[in-house]
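Okay, here we've got a single chain as structure tokens, the form predicted alone, with questions on binding and movement later.
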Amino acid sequence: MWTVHDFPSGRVKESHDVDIGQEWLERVQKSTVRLDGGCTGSFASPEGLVLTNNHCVWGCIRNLSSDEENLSETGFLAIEPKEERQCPGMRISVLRDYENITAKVHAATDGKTESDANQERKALLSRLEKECEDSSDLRCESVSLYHGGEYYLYKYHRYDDVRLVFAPELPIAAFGGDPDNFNFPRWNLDMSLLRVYDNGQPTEVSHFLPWRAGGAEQSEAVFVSGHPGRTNRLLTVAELESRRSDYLPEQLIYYSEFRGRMLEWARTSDAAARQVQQRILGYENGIKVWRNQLRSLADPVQMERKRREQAELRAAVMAQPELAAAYGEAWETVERALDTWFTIKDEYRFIEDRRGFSGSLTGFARTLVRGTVEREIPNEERLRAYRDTALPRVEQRLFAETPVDSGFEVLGLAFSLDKLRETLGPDHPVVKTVLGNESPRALAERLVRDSRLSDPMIRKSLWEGGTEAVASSDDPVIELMRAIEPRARELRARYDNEVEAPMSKANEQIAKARFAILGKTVYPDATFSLRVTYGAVEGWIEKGEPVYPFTTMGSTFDRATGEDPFRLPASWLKSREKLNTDTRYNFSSTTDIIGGNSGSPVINAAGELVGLAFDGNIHSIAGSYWFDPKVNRTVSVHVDGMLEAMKTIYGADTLLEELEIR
């Protein structure tokens, strides 16, 4: 997962006999987009057309649907621009430039205590981002690489007007559902097309990826550019053990139970089923990820390898007196910070992180209660979520006309309040303050029924009215979040000073130690920043049997059963005789991706799009902690499968004319 400013072109030449130069990297960088909600995409035409996964636009599709028009079931195709529909609250960013600010950050924090260094680092990053935006027309974000070993300013062009152009039906976009998820062979049309607008008009872009009909052949070199969310390959052994013993089991228990409640609620009405149709698939994906990550960290061979690598690094550090004096205590510092974390983690997660207060309404209320206070503080002293450069996104989300379904709000809030009481205990002061004599269900129903925060104009009025308007509001959800804010702030301060501060210092020290011993032969962990990974179209050996790297469209019908999750939409059944059934559909490659790469373009050495990444095989889940090139595979939609579906099944001739197909 290499950055574009440290891409190992020499390694690629050596392993794949392909020349990748700066011009290629710059064009791919400016053709790849970030869906700021957590995915990737790529420009597909000069008119601002964006290709991404269908599962990356589920929120948009759900928000644009109604009881009368369920776009998940019918699909969507805009024949002309005036039919394209704006996705509420969606934002797309394109990386235009970057600047290394490591020296500035390290100079500002060297010699300071852990807490002072942590505060100064945040203040400096907020100041540098603000200065960057004031001096250009780009939007600036600081990016930490190697867990603080390096810092960059990434400079983006942002698009706040994003519209849905094409989406196939959910049954074919997510064909196979949870049984096929993270498996291969696959038969999914997990694609959608969006368009970015400026001033009410489709945006003209100068960089985009032409589509290569025929795709890539077996063993051909391919590249994936995108925004992998987060990996943990450089964590210490203590941090990995903490994830194994605490974080992953907690995630599995909480969200498995919530999935069960959603399944029960979905049976109550068609409207309820529509609200959770995509959400259930998302939670099933997460549950499978967490379960297999937990299994990965229980692998004694891999964990012993991690212990050996850490011991070798520490030994090399301690063998050099200067390094030992500067970095020798870093690993003990991590363990000290984790000890503190375990004393506050339940309260922090359920109160400050809002796990006990789930839902859109409580999210709006937290933003209003906290954000209006933070805006009155000097930019460099604020919580980073409310710094000047972050406020446009805060306001976009707060003011977006995103529908709030009261039934789903009650379901989620009642469940989270129930878990709040269960985890912290009925005698905890926050639990007693929040619930009083009410049950979690009764309180959730009352709050959702009486709150006015589903109205974006009410939210905007409170935001613009500032602390006075929020303090005097009698909205019950605002009152709820005001009541827990003092304890939430206390927990946040303790976390920042006693967990984050020492952890940041220790991780920076370990990164510097690694640079001193190993140089930059290792790529940084993923941070939802732009990366390029390289590999080839290949299958693998599974339990002694070879897995062929391609599937064809015709085999989709062989797998269909007529029932979810193997139900084909009517459009596919009707077009079966017209389809070229030998068309390549999905394929696997040795590229290294993880969540956040969803929607990433798969590109050949000529800089042409040959596929659309949408998943990995089951072995790729361990990619959070290590990459095994023998079995870890990316799963993608083949360019020919997309073209054949758009032409033969959906009649998307106008879009096909817009694409540059080579």
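Start at 1 with the first residue shown and count on from there. No experiment lies behind these values; they were computed from the predicted model shown.
The same protein also exists as the form predicted in complex with a further copy of the same chain; that form is not shown, yet it is the one meant from here on.
A residue is said to contact a partner when one of its heavy atoms sits within 4.5 Å of a partner heavy atom; Ser245 meets this definition for a further copy of the same chain in the model of the complex. a further copy of the same chain is not drawn, but in the model of the complex it has a heavy atom within 4.5 Å of Ser439. The shortest heavy atom separation between Arg158 and a further copy of the same chain in the model of the complex exceeds 4.5 Å. When a further copy of the same chain is considered in the model of the complex, Ile253 lines it closely, a heavy atom lying within 4.5 Å. In summary, among the residues His207, His106, Lys306, Arg259, the only one with a non-hydrogen atom within 4.5 Å of a further copy of the same chain in the model of the complex is Arg259.
Contact with a further copy of the same chain in the model of the complex, judged by any heavy atom within 4.5 Å, is made by just one of Glu80, Glu545, Asp427, Glu577: Asp427. The stretch among 527-535, 450-458, 513-521, 173-181 whose residues place heavy atoms within 4.5 Å of a further copy of the same chain in the model of the complex is 173-181. Remark: all three candidate residues (Arg291, Leu294 and Leu411) come within 4.5 Å of a further copy of the same chain in the model of the complex, counting heavy atoms only.
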